[in-house]
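The form predicted on its own is given below as one chain in structure tokens.
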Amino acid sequence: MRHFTGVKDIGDLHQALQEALEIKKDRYKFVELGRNRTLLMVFFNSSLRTRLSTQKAGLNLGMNVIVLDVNQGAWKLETERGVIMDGDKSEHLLEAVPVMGCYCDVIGVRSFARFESRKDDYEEKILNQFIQYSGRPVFSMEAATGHPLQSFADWITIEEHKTVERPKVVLSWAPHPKALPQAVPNSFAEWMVAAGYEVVITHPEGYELDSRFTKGARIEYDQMKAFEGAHFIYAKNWSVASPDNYGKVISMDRGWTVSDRQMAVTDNAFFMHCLPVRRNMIVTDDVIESPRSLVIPEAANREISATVVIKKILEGLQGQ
């Protein structure tokens, strides 16, 4: 595997799951694979789970790990061509990226949607500049439109906890005080459909996600109907994805907050969320603290998903 930006890159899902379970039994089984290799993690945005889990994954594989916080520990970077750089940005990404590539073997990039232009965000300009100009394998640690490491971990978690072969998995929109990207729900829908689950996405009208990620899922605007008989509930806020209202909040309906009321109509469903979560906006205290909450196990599996991805990239570098 050269680059990792979505489920299509991971290859055979069954094989990827077996690798994940193998690594979970012995996190250091492949520690020699990354010896004398360097992982550079580049953060344009804040992080807790992604930073810790991915750094741990690199160490599991015997790698040297460098973490760079752009706009804090480095020059501010311009990302657009044709700009007269007479402002506060001292370096252009087109020079910075190949320089970064000189110092490492693998690059992880975290760069959120900016909500300035839907076209620019959905073209993944920053992530793709790293792929194009770094000369190194690149993996996404969350981009403008996807968060595949999170969804890989979510899928591992569901596989570990499912009680039926083809569970009903519901992705539910929930209210939030500010606009959030579509990256997590996009990737979650994409991975769950690829896994062959019964996938239902529920949200208020106007919050439809891009069909390239949701194809194969059923859209249901009635949240209670969507929850009926579900085995897994994944709650997440996202802003409007349509071009006319891109990045806007058009609903703060607290009736969509996941509570005991909604969970009561499920088939004793597990609750999931990527974290961080705003309690009593996204989900009530009672639900997230219940024995059926998987938020900590899925966060723990972030280390496993990252280890599998980096391992596959390192295997592609053998002999180079």
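Heads up: residue numbers just count along the shown sequence, starting at 1. Predicted, not measured: the structure shown is a model, and the values here were computed from it.
The form predicted in complex with ligand AN0 exists for this protein as well; it is not shown, and the discussion that follows is about that form.
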| query | finding |
| --- | --- |
| Exercise: Phe112 in contact with ligand AN0 in the model of the complex, heavy atom 4.5 Å | yes |
| Contact test in the model of the complex: Ile158 vs ligand AN0, heavy atoms, 4.5 Å | no |
| Cys274, heavy atom within 4.5 angstroms of ligand AN0 in the model of the complex | yes |
| Heavy atom of Lys236 within 4.5 Å of ligand AN0 in the model of the complex | yes |
| Position in contact with ligand AN0 when the complex is considered in the model of the complex, options Val200, Cys104, Leu93, Leu180, heavy atoms within 4.5 Å | Leu180 |
| Listed residue (Val184, Ile131, Val240, Ala217) with a non-hydrogen atom within 4.5 angstroms of ligand AN0 in the model of the complex | Val184 |
| Answer range among 189-197, 142-150, 159-167, 205-213 for contact with ligand AN0, defined in the model of the complex as heavy atoms within 4.5 Å | 142-150 |
| Residues in 188-216 close to ligand AN0 in the model of the complex, defined by a heavy atom within 4.5 Å, in order | none |
